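Consider the single chain below, provided in structure tokens and representing the form predicted alone.
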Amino acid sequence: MIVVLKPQVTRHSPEFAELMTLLSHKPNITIRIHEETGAHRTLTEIYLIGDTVLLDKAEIESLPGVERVVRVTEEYRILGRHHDDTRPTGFEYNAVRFDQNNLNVFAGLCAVDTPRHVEMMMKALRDHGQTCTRMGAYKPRTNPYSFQGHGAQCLPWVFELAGKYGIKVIAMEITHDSHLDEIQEALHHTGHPTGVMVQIGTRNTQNFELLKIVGRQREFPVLLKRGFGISLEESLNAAEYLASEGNRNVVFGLRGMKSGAAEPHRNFVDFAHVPVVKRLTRMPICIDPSHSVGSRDRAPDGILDVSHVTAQGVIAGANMVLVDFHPAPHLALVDGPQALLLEELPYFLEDIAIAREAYERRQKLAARSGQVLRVAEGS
């Protein structure tokens, strides 16, 4: 059960103290306090965990400072969008907003290679009005002899270049909890010129101890990619691990499913799940067209498969696009064949804008049809 407090009620309000006194006497109930930050206000929420079946919803709603009570029936207690649940969603990090209503593009290098290539990428992003990127310092690889990333040694100059070109958030995968310390140390020594969104890759979606550790830290938001061989429910529960440990600033990433039916693409594109995840949870949704498609193949209409797939996700309401670019894909140390060229960046961004406009027009159409339906049902 979730007790949502009135906007003016905080942890320091007398109503909060009175409410906690009353709730603490409920038998077999554990209390957790969470703050939900929306676009215009911050809500304080009290989670009642345990034997809540016998609790009287009306009684709790009548208590001082309570706005409403939500009964939890789904597994995703914290991140889930429960029955009749329209609470604000999303978060802000380093002046960039992440929620289910907006769209951020994270174009960049799948794997950091040279300072020159990183600088070329960030300059191109700056020149086209972008403030986010992806930069892989730690790369989990199937083959133990493949390039594993430069790791901590590249972090200082990557962060400094990000600051030079006004990049506010870098999506960066980690594979071990020690990488959190390395990122924190590098940001500290460089004067925090940028921010980092920690990425949990598809191979670590069910690395529960890593999820717990990343969930306990509040400094970095988290991009959790769907596991490539598990169900959507299992992946959403992985996100819940992060939130249950305290970090609710989570973006859920769809990156394609491992399946022979995907051929000739690298993975079976799962972007039809964008609205599904939005309906089930309050997380912003990211799509990763590069790792879904895995190539630079182009359809007879002249449009890249990666662009077609991106548009499918954006027109379904995606809130973040994670995509590979590289100044010289033939020199890339990881996933060069799927990387787009810097010269293609403005066209890729314009194509996304077209798809986003179509999504927003569809939203307006749905609102109009909903009004008509409500009138018809009331007559």
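The structure presented is a predicted model; accordingly, all values stated were derived computationally and were not measured. In this text, residue numbers run from 1 along the sequence as written.
The same protein has a further form, the form predicted together with ligand PEP, not shown here; the description that follows concerns it.
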| property | result |
| --- | --- |
| Contact stretch among 176 to 184, 144 to 152, 193 to 201, 160 to 168 - heavy atom within 4.5 Å of ligand PEP in the predicted bound form | 193 to 201 |
| In the predicted bound form, Met121 touching ligand PEP (heavy atom, 4.5 Å) | no |
| Partner contact for Val293 in the predicted bound form: ligand PEP, 4.5 angstroms, heavy atom | no |
| Partner proximity in the predicted bound form: Val314 to ligand PEP, non-hydrogen atom cutoff 4.5 Å | no |
| 4.5 angstroms heavy atom contact with ligand PEP in the predicted bound form for Lys139 | yes |
| Contact assignment for ligand PEP in the predicted bound form, among Arg248, His273, Arg255, Arg282, heavy atom within 4.5 Å | Arg255 |
| Residue (of Leu125, Cys110, Leu79, Val269) lying close to ligand PEP in the predicted bound form, criterion heavy atoms within 4.5 Å | Cys110 |
| Partner contacts in the predicted bound form for 318 to 332 (non-hydrogen atom within 4.5 angstroms of ligand PEP) | Leu322 |
